[in-house]
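Okay, here we've got a single chain as C-alpha cells, the form predicted alone, with questions on binding and movement later.
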C-alpha cells in the first residue's frame, strides 16, 4: 500500500511539474525567452479559477477551459508588446537571452505586486472533490487524482502533437536551427510568438489544476518558476521528452523526501539535484553535448 501511495503522489507532482516545465521549455527552446515570470502567470491562473469557482459558481473544469485561451492570448500579447522590441534590437541570440531575463525578472515583480494588491498575502483555496477515493487499498484525495490525470493527458497530447504533426516538426526545426528556419518557409517571429503563447496556455492549465487541491498565495509563483527551471535544465534545454522524465524524477524525489525525511527539505533536495546535474552533466540528464 505504501508503494501505491508513493507512486500516486509522485505522479501527481511529476505531472503538474511537467506541464509547467513544458511551457517554459517551449518559450525558451523556440522563442529563446527565459521567462522568469512563468510561475507568476501560473498563480494568476489559479486566482482566476478561484474567482470563477467561488464568486461565479462555475465548475473548475469549465474554469480550466476558460483559462487555456486566456493564458494563450495574454502571453501572445506579452510577447508582441514587451518582448518583440527586444527581439528586434538584439544583435545575437545570447543578447536576447540576457535582455529577456532582465525584462521577465521585472515582469515577475509587476505581476506579483498586482496580485498582492488585489488578493493580499494570504492563502486561498476552494472545495472541490476533496473526498478520498480508494485506489488499490490506498485512500487518495479525488481532486489530486483528477488534477494529475488532466496534467498527464494535456502534457502527452502536446508532446504527441509536437512530435508527430507537420506543425510540430516546424516548431522543432525552429528550435534546432532558428537562423535557417526561414529557408524552409517558417516565419521565425510568428513561430516564436506562437510557442511563447502556447507555453502560457500550458502554465495557465497548470495553475487551474493546482488550485483544485493546493492552497496558493500571490507570492508562490517564484517557487514554481525555479522548479520549472531545474526541470528544463535537468531534462536538457528544448528536449520535451527529457522535460517529462525530469519532471517525473523530481516528483519522485520530493515525494520520497516528504515521506521519509522532512517535508521542509523538498526544496533543498530539488536544488541539491540541480547542483549535481550542473556539476556532472551540464547539458542535462537527457540532453546532448553541443546542442
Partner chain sequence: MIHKVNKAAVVVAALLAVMAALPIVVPGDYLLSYGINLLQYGTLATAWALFSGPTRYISLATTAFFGIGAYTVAVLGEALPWPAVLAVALLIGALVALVVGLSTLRLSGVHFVIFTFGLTELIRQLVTWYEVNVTKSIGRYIFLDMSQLEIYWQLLALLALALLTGWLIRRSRLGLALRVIGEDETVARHLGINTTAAKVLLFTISSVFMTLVGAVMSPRWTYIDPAIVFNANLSFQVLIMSLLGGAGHLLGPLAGVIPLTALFEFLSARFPNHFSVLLGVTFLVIVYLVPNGVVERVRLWFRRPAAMVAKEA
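Positions refer to the first chain, counted from 1. Here the structure is a predicted model, which is why all the values come from computation and not from measurement.
Below, we turn to the form predicted together with its partner chain, even though it does not appear here.
If contact means a heavy atom within 4.5 Å, which one of 191-199, 167-175, 116-124, 144-152 is the stretch that engages its partner chain in the predicted bound form?
Going by heavy atoms within 4.5 Å, the stretch is 116-124.
Considering non-hydrogen atoms and a 4.5 Å limit, which listed residue (229, 248, 48, 68) is close to its partner chain in the predicted bound form?
Spelling it out, the residue with a heavy atom inside the cut-off is 229.
Would residue 266 count as a contact of its partner chain in the predicted bound form, using a 4.5 angstroms cut-off between non-hydrogen atoms?
Yes.
Is there any non-hydrogen atom of residue 239 lying within 4.5 Å of its partner chain in the predicted bound form?
Answer no; every heavy atom of residue 239 is more than 4.5 Å from its partner chain in the predicted bound form.
Answer with yes or no whether residue 215 is in contact with its partner chain in the predicted bound form, where contact means some heavy atom within 4.5 Å.
Residue-level check for residue 215: no, no contact with its partner chain.
Does at least one non-hydrogen atom of residue 180 fall within 4.5 angstroms of its partner chain in the predicted bound form?
Result no; residue 180 lies far from its partner chain in the predicted bound form.
Taking 72, 76 and 185 together, does each of them reach its partner chain in the predicted bound form with some heavy atom inside 4.5 Å?
Verified in the predicted bound form; spot residues all out of contact, no.
Is any part of 159-194 within 4.5 angstroms of its partner chain in the predicted bound form by a non-hydrogen atom, and which residues would that be?
Heavy-atom contacts within 4.5 Å come from no residue here.
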